[in-house]
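Before any questions on binding or motion, here is one chain by itself as C-alpha coordinates, the form predicted on its own.
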(Lines give C-alpha, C1' and ligand atoms only; values in the text may rest on other atoms or scores of the structure.)
Protein backbone atom coordinates (compact mmCIF):
# COMPACT_ATOMS: atom_id res chain seq x y z
CA UNK A 1 0.00 0.00 0.00
CA UNK A 2 1.16 3.50 -0.85
CA UNK A 3 1.24 5.85 2.13
CA UNK A 4 2.38 9.43 1.54
CA UNK A 5 3.45 12.31 3.73
CA UNK A 6 -0.13 13.61 3.77
CA UNK A 7 -1.82 10.30 4.67
CA UNK A 8 -4.05 10.75 7.76
CA UNK A 9 -3.12 14.44 8.12
CA UNK A 10 -5.66 16.25 5.90
CA UNK A 11 -8.32 17.34 8.38
CA UNK A 12 -10.33 19.12 5.67
CA UNK A 13 -11.45 15.66 4.52
CA UNK A 14 -12.91 14.65 7.91
CA UNK A 15 -16.58 15.06 6.89
CA UNK A 16 -15.97 13.66 3.40
CA UNK A 17 -14.39 10.48 4.73
CA UNK A 18 -17.25 9.97 7.20
CA UNK A 19 -19.75 10.18 4.34
CA UNK A 20 -17.67 7.85 2.16
CA UNK A 21 -17.69 5.23 4.92
CA UNK A 22 -21.49 5.23 4.69
CA UNK A 23 -21.41 5.03 0.89
CA UNK A 24 -18.99 2.08 0.94
CA UNK A 25 -21.97 0.03 2.13
CA UNK A 26 -23.44 0.49 -1.36
CA UNK A 27 -20.47 -1.22 -3.03
CA UNK A 28 -20.78 -4.80 -4.25
CA UNK A 29 -18.86 -7.61 -2.58
CA UNK A 30 -17.60 -10.89 -4.03
CA UNK A 31 -20.42 -12.94 -2.51
CA UNK A 32 -23.08 -10.84 -4.25
CA UNK A 33 -21.18 -10.84 -7.56
CA UNK A 34 -20.84 -14.63 -7.42
CA UNK A 35 -24.57 -15.01 -6.82
CA UNK A 36 -25.31 -12.83 -9.83
CA UNK A 37 -22.91 -14.87 -11.94
CA UNK A 38 -24.42 -18.19 -10.84
CA UNK A 39 -27.98 -16.99 -11.48
CA UNK A 40 -29.60 -18.82 -14.42
CA UNK A 41 -30.44 -15.75 -16.50
CA UNK A 42 -30.38 -11.95 -16.71
CA UNK A 43 -33.70 -11.44 -14.93
CA UNK A 44 -32.53 -13.60 -12.02
CA UNK A 45 -29.29 -11.61 -11.78
CA UNK A 46 -31.23 -8.35 -11.66
CA UNK A 47 -33.58 -9.79 -9.04
CA UNK A 48 -30.60 -10.58 -6.81
CA UNK A 49 -29.63 -6.91 -6.94
CA UNK A 50 -33.19 -5.86 -6.09
CA UNK A 51 -33.46 -8.27 -3.18
CA UNK A 52 -30.24 -6.86 -1.74
CA UNK A 53 -31.52 -3.27 -1.94
CA UNK A 54 -29.64 -2.13 -5.04
CA UNK A 55 -32.66 -0.77 -6.96
CA UNK A 56 -30.62 2.19 -8.22
CA UNK A 57 -28.58 -0.18 -10.36
CA UNK A 58 -31.58 -0.76 -12.59
CA UNK A 59 -32.62 -4.00 -10.93
CA UNK A 60 -36.24 -3.48 -12.01
CA UNK A 61 -35.30 -2.74 -15.63
CA UNK A 62 -35.25 -5.81 -17.82
CA UNK A 63 -34.71 -4.28 -21.25
CA UNK A 64 -31.10 -3.72 -22.30
CA UNK A 65 -31.49 0.03 -22.82
CA UNK A 66 -33.27 0.44 -19.49
CA UNK A 67 -30.62 -1.09 -17.24
CA UNK A 68 -27.82 0.47 -19.25
CA UNK A 69 -29.43 3.87 -18.65
CA UNK A 70 -29.83 3.10 -14.94
CA UNK A 71 -26.14 2.25 -14.63
CA UNK A 72 -25.22 5.47 -16.44
CA UNK A 73 -27.38 7.44 -14.00
CA UNK A 74 -25.71 5.69 -11.07
CA UNK A 75 -22.30 6.75 -12.36
CA UNK A 76 -23.52 10.32 -12.86
CA UNK A 77 -24.86 10.39 -9.31
CA UNK A 78 -21.54 9.06 -7.96
CA UNK A 79 -19.65 11.92 -9.58
CA UNK A 80 -22.15 14.45 -8.23
CA UNK A 81 -21.50 13.07 -4.74
CA UNK A 82 -17.72 13.30 -5.16
CA UNK A 83 -18.02 16.85 -6.51
CA UNK A 84 -20.07 17.86 -3.47
CA UNK A 85 -17.91 16.03 -0.93
CA UNK A 86 -14.45 17.05 -2.07
CA UNK A 87 -13.17 20.21 -0.34
CA UNK A 88 -11.03 20.91 -3.42
CA UNK A 89 -12.47 20.94 -6.98
CA UNK A 90 -9.38 19.38 -8.57
CA UNK A 91 -10.14 15.92 -7.13
CA UNK A 92 -13.41 15.76 -9.06
CA UNK A 93 -11.87 17.40 -12.13
CA UNK A 94 -9.01 14.89 -12.45
CA UNK A 95 -11.44 11.99 -12.82
CA UNK A 96 -14.15 13.87 -14.69
CA UNK A 97 -11.61 14.77 -17.39
CA UNK A 98 -11.77 11.12 -18.50
CA UNK A 99 -15.36 11.74 -19.58
CA UNK A 100 -14.58 15.03 -21.28
CA UNK A 101 -12.08 13.21 -23.44
CA UNK A 102 -14.42 10.28 -23.99
CA UNK A 103 -16.92 12.79 -25.38
CA UNK A 104 -14.26 14.41 -27.56
CA UNK A 105 -13.33 11.01 -29.00
CA UNK A 106 -16.98 10.24 -29.82
CA UNK A 107 -17.55 13.62 -31.46
CA UNK A 108 -14.32 13.65 -33.48
CA UNK A 109 -14.78 10.08 -34.74
CA UNK A 110 -18.33 10.92 -35.79
CA UNK A 111 -17.08 14.05 -37.57
CA UNK A 112 -14.48 12.18 -39.60
CA UNK A 113 -16.80 9.29 -40.39
CA UNK A 114 -19.58 11.64 -41.47
CA UNK A 115 -21.98 9.95 -39.07
CA UNK A 116 -24.22 11.28 -36.30
CA UNK A 117 -23.45 10.20 -32.76
CA UNK A 118 -26.23 9.08 -30.43
CA UNK A 119 -26.53 11.77 -27.76
CA UNK A 120 -28.43 9.50 -25.37
CA UNK A 121 -25.89 6.67 -25.27
CA UNK A 122 -22.55 7.86 -26.65
CA UNK A 123 -22.02 11.13 -24.79
CA UNK A 124 -21.69 11.41 -21.02
CA UNK A 125 -22.78 14.38 -18.89
CA UNK A 126 -20.06 13.91 -16.26
CA UNK A 127 -17.14 15.97 -17.54
CA UNK A 128 -15.85 19.39 -16.57
CA UNK A 129 -17.16 20.96 -19.80
CA UNK A 130 -20.80 20.99 -20.91
CA UNK A 131 -21.49 18.53 -23.70
CA UNK A 132 -23.18 21.22 -25.82
CA UNK A 133 -19.96 23.28 -25.73
CA UNK A 134 -17.90 20.29 -26.87
CA UNK A 135 -20.37 19.68 -29.69
CA UNK A 136 -20.04 23.30 -30.82
CA UNK A 137 -16.25 23.06 -30.74
CA UNK A 138 -16.06 19.92 -32.85
CA UNK A 139 -18.99 20.36 -35.24
CA UNK A 140 -18.62 24.09 -35.83
CA UNK A 141 -14.98 24.53 -34.74
CA UNK A 142 -16.06 27.30 -32.36
CA UNK A 143 -13.80 26.94 -29.34
CA UNK A 144 -14.80 29.99 -27.29
CA UNK A 145 -16.79 27.93 -24.75
CA UNK A 146 -14.15 25.29 -24.01
CA UNK A 147 -10.87 25.64 -22.05
CA UNK A 148 -7.77 26.61 -24.02
CA UNK A 149 -5.98 23.28 -23.29
CA UNK A 150 -8.95 21.46 -24.87
CA UNK A 151 -8.73 23.67 -27.95
CA UNK A 152 -4.98 23.00 -28.20
CA UNK A 153 -5.57 19.24 -27.88
CA UNK A 154 -8.27 19.17 -30.56
CA UNK A 155 -6.28 21.25 -33.05
CA UNK A 156 -3.15 19.15 -32.54
CA UNK A 157 -5.18 16.01 -33.15
CA UNK A 158 -6.84 17.37 -36.27
CA UNK A 159 -3.49 18.40 -37.70
CA UNK A 160 -2.02 14.95 -37.03
CA UNK A 161 -5.08 13.11 -38.30
CA UNK A 162 -4.99 15.02 -41.59
CA UNK A 163 -1.47 13.64 -42.10
CA UNK A 164 -2.19 10.12 -40.79
CA UNK A 165 -5.92 9.34 -41.08
CA UNK A 166 -5.86 6.31 -38.76
CA UNK A 167 -8.86 6.18 -36.36
CA UNK A 168 -6.61 4.78 -33.61
CA UNK A 169 -4.65 8.04 -33.68
CA UNK A 170 -7.72 9.78 -32.26
CA UNK A 171 -7.71 7.68 -29.08
CA UNK A 172 -3.95 7.68 -28.63
CA UNK A 173 -3.31 11.39 -29.12
CA UNK A 174 -6.30 12.53 -27.09
CA UNK A 175 -5.20 10.29 -24.21
CA UNK A 176 -1.77 11.94 -24.33
CA UNK A 177 -3.32 15.39 -24.20
CA UNK A 178 -5.66 14.37 -21.39
CA UNK A 179 -2.76 13.36 -19.15
CA UNK A 180 -0.90 16.58 -19.97
CA UNK A 181 -3.92 18.49 -18.65
CA UNK A 182 -4.28 16.26 -15.58
CA UNK A 183 -0.62 16.53 -14.58
CA UNK A 184 -0.72 20.28 -15.15
CA UNK A 185 -3.80 20.49 -12.94
CA UNK A 186 -1.98 18.63 -10.14
CA UNK A 187 1.31 20.50 -10.50
CA UNK A 188 0.81 22.97 -7.66
CA UNK A 189 -1.58 20.87 -5.59
CA UNK A 190 -0.75 19.10 -2.35
CA UNK A 191 -1.99 15.73 -3.57
CA UNK A 192 0.92 13.23 -3.58
CA UNK A 193 -1.26 10.09 -3.49
CA UNK A 194 -3.44 11.24 -6.38
CA UNK A 195 -0.40 12.22 -8.43
CA UNK A 196 1.22 8.83 -7.78
CA UNK A 197 -1.98 7.08 -8.83
CA UNK A 198 -2.11 9.05 -12.08
CA UNK A 199 1.52 8.12 -12.84
CA UNK A 200 0.68 4.46 -12.26
CA UNK A 201 -2.34 4.84 -14.54
CA UNK A 202 -0.06 6.30 -17.23
CA UNK A 203 2.28 3.32 -16.86
CA UNK A 204 -0.58 0.86 -17.32
CA UNK A 205 -1.80 2.70 -20.41
CA UNK A 206 1.72 2.76 -21.85
CA UNK A 207 2.18 -0.98 -21.32
CA UNK A 208 -1.08 -1.67 -23.14
CA UNK A 209 -0.16 0.75 -25.93
CA UNK A 210 3.19 -1.00 -26.41
CA UNK A 211 1.57 -4.44 -26.52
CA UNK A 212 -1.06 -3.34 -29.03
CA UNK A 213 1.61 -1.66 -31.16
CA UNK A 214 3.58 -4.93 -31.23
CA UNK A 215 0.50 -6.97 -32.13
CA UNK A 216 -0.44 -4.57 -34.93
CA UNK A 217 3.06 -4.65 -36.35
CA UNK A 218 3.56 -0.89 -36.09
CA UNK A 219 7.08 0.55 -35.92
CA UNK A 220 8.96 2.40 -33.19
CA UNK A 221 8.10 5.82 -34.60
CA UNK A 222 4.41 5.04 -34.17
CA UNK A 223 5.02 3.88 -30.61
CA UNK A 224 7.06 6.97 -29.73
CA UNK A 225 4.17 9.17 -30.85
CA UNK A 226 1.65 7.11 -28.89
CA UNK A 227 3.40 6.72 -25.53
CA UNK A 228 2.29 9.05 -22.75
CA UNK A 229 4.83 11.07 -20.79
CA UNK A 230 4.63 11.49 -17.04
CA UNK A 231 4.63 7.90 -15.82
CA UNK A 232 7.28 5.99 -13.90
CA UNK A 233 8.44 3.70 -16.70
CA UNK A 234 11.26 4.73 -19.01
CA UNK A 235 9.71 5.43 -22.43
CA UNK A 236 12.94 4.67 -24.27
CA UNK A 237 13.03 1.21 -22.72
CA UNK A 238 9.38 0.66 -23.63
CA UNK A 239 10.17 1.56 -27.23
CA UNK A 240 13.25 -0.66 -27.45
CA UNK A 241 11.41 -3.83 -26.35
CA UNK A 242 9.36 -3.60 -29.54
CA UNK A 243 12.19 -5.58 -31.21
CA UNK A 244 11.71 -8.49 -28.79
CA UNK A 245 9.05 -11.22 -29.03
CA UNK A 246 6.07 -10.71 -26.73
CA UNK A 247 6.89 -13.95 -24.93
CA UNK A 248 10.02 -12.31 -23.49
CA UNK A 249 8.46 -9.03 -22.42
CA UNK A 250 7.76 -10.03 -18.83
CA UNK A 251 11.51 -10.23 -18.18
CA UNK A 252 11.81 -6.58 -19.26
CA UNK A 253 9.53 -5.64 -16.38
CA UNK A 254 11.49 -7.57 -13.77
CA UNK A 255 11.88 -5.69 -10.50
CA UNK A 256 8.94 -3.42 -11.34
CA UNK A 257 5.48 -3.57 -9.78
CA UNK A 258 4.09 -4.69 -13.13
CA UNK A 259 6.14 -7.86 -13.68
CA UNK A 260 3.56 -10.45 -12.61
CA UNK A 261 0.69 -8.63 -14.29
CA UNK A 262 2.54 -8.48 -17.63
CA UNK A 263 3.60 -12.13 -17.33
CA UNK A 264 0.06 -13.40 -16.70
CA UNK A 265 -1.51 -11.07 -19.24
CA UNK A 266 0.83 -12.03 -22.06
CA UNK A 267 0.55 -15.72 -21.21
CA UNK A 268 -3.20 -15.39 -21.65
CA UNK A 269 -2.73 -13.54 -24.94
CA UNK A 270 -0.48 -16.27 -26.32
CA UNK A 271 -3.11 -18.87 -25.45
CA UNK A 272 -6.32 -17.06 -26.44
CA UNK A 273 -5.13 -14.20 -28.72
CA UNK A 274 -7.11 -11.74 -26.63
CA UNK A 275 -6.12 -8.82 -24.42
CA UNK A 276 -9.17 -9.18 -22.17
CA UNK A 277 -7.15 -10.78 -19.37
CA UNK A 278 -4.43 -8.15 -19.20
CA UNK A 279 -7.11 -5.44 -19.24
CA UNK A 280 -8.79 -7.22 -16.31
CA UNK A 281 -5.48 -7.50 -14.47
CA UNK A 282 -4.82 -3.80 -15.02
CA UNK A 283 -8.18 -2.88 -13.53
CA UNK A 284 -7.37 -5.09 -10.53
CA UNK A 285 -3.98 -3.39 -10.21
CA UNK A 286 -5.64 0.04 -10.09
CA UNK A 287 -8.15 -1.18 -7.53
CA UNK A 288 -5.47 -2.75 -5.32
CA UNK A 289 -3.52 0.50 -5.45
CA UNK A 290 -6.41 2.58 -4.11
CA UNK A 291 -7.56 0.08 -1.46
CA UNK A 292 -5.44 2.02 1.00
CA UNK A 293 -8.45 4.34 1.11
CA UNK A 294 -10.19 1.81 3.38
CA UNK A 295 -7.58 2.45 6.08
CA UNK A 296 -7.20 6.26 5.87
CA UNK A 297 -9.27 8.41 8.23
CA UNK A 298 -8.13 11.87 7.11
CA UNK A 299 -7.30 12.40 3.45
CA UNK A 300 -8.45 12.14 -0.14
CA UNK A 301 -7.53 8.44 -0.45
CA UNK A 302 -11.00 7.16 0.58
CA UNK A 303 -12.67 9.37 -2.03
CA UNK A 304 -10.31 8.13 -4.74
CA UNK A 305 -10.86 4.55 -3.64
CA UNK A 306 -14.63 5.01 -3.80
CA UNK A 307 -14.54 6.49 -7.32
CA UNK A 308 -12.47 3.59 -8.70
CA UNK A 309 -14.48 1.01 -6.76
CA UNK A 310 -17.78 2.36 -8.04
CA UNK A 311 -16.61 2.44 -11.65
CA UNK A 312 -15.43 -1.17 -11.38
CA UNK A 313 -18.72 -2.19 -9.74
CA UNK A 314 -20.62 -0.77 -12.70
CA UNK A 315 -18.23 -2.43 -15.14
CA UNK A 316 -18.77 -5.78 -13.38
CA UNK A 317 -22.55 -5.44 -13.49
CA UNK A 318 -22.42 -4.65 -17.21
CA UNK A 319 -20.11 -7.62 -17.82
CA UNK A 320 -22.41 -10.00 -15.94
CA UNK A 321 -25.65 -8.82 -17.54
CA UNK A 322 -24.25 -8.72 -21.08
CA UNK A 323 -22.76 -12.16 -20.54
CA UNK A 324 -26.18 -13.42 -19.42
CA UNK A 325 -27.66 -12.05 -22.64
CA UNK A 326 -24.95 -13.88 -24.59
CA UNK A 327 -25.64 -17.13 -22.66
CA UNK A 328 -22.08 -17.41 -21.33
CA UNK A 329 -21.40 -19.97 -18.63
CA UNK A 330 -20.64 -18.86 -15.04
CA UNK A 331 -17.07 -20.09 -15.51
CA UNK A 332 -16.56 -17.84 -18.53
CA UNK A 333 -18.12 -14.87 -16.76
CA UNK A 334 -15.86 -15.27 -13.72
CA UNK A 335 -12.82 -15.08 -16.01
CA UNK A 336 -13.86 -11.54 -16.98
CA UNK A 337 -14.94 -10.12 -13.62
CA UNK A 338 -12.78 -7.60 -11.76
CA UNK A 339 -12.04 -7.83 -8.05
CA UNK A 340 -14.32 -6.23 -5.46
CA UNK A 341 -13.19 -3.28 -3.34
CA UNK A 342 -14.95 -4.44 -0.19
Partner chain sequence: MLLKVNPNRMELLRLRKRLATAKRGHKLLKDKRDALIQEFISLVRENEKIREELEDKLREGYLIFASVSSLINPKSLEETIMFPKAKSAVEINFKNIMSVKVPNYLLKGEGNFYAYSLINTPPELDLSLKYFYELLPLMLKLAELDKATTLLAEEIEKTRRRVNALEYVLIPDLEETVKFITMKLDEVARSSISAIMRIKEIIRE
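What you see is a predicted model, and the numbers here were worked out from it, not measured in a lab. Numbering follows the first chain given and starts at 1. Superpose the two forms; the largest set of C-alphas matching within 1.5 Å is the rigid core.
Another form, the form predicted in complex with its partner chain, is not on view; read the next lines as being about it.
This chain is displayed alone, yet in the model of the complex one of 82, 266, 138, 123 has a heavy atom within 4.5 Å of its partner chain; that residue is 123. Only one of 64, 43, 27, 276 lies close to its partner chain in the model of the complex, with a heavy atom inside 4.5 Å, and it is 276. Heavy atoms within 4.5 Å of its partner chain in the model of the complex belong, among the stretches 98-106, 150-158, 238-246, 253-261, to residues of 98-106. The putative spot formed by 177, 199 and 287 is not touched by its partner chain in the model of the complex; no residue has a non-hydrogen atom within 4.5 angstroms of it. Looking at residue 35, you'd find every heavy atom of it more than 4.5 angstroms from its partner chain in the model of the complex. Under a 4.5 angstroms non-hydrogen atom cutoff, its partner chain in the model of the complex lacks residue 52 among its neighbouring residues.
Residue contact check for residue 93: none of its heavy atoms lie within 4.5 Å of its partner chain in the model of the complex. Among residues of the shown chain, residue 112 is one whose heavy atoms approach its partner chain to within 4.5 Å in the model of the complex. Interface residues of 162-191, taken as those with a heavy atom within 4.5 Å of its partner chain in the model of the complex (partner not displayed): 166, 167, 168, 170, 171, 175, 178, 179, in sequence order.
Once the rigid core is overlaid between this form and the one not shown, residue 91 does not reach a Cα shift of 2 Å, moving by less than that. With the core superposed, residue 166 shows a C-alpha displacement of at least 2 Å between this form and the one not shown.
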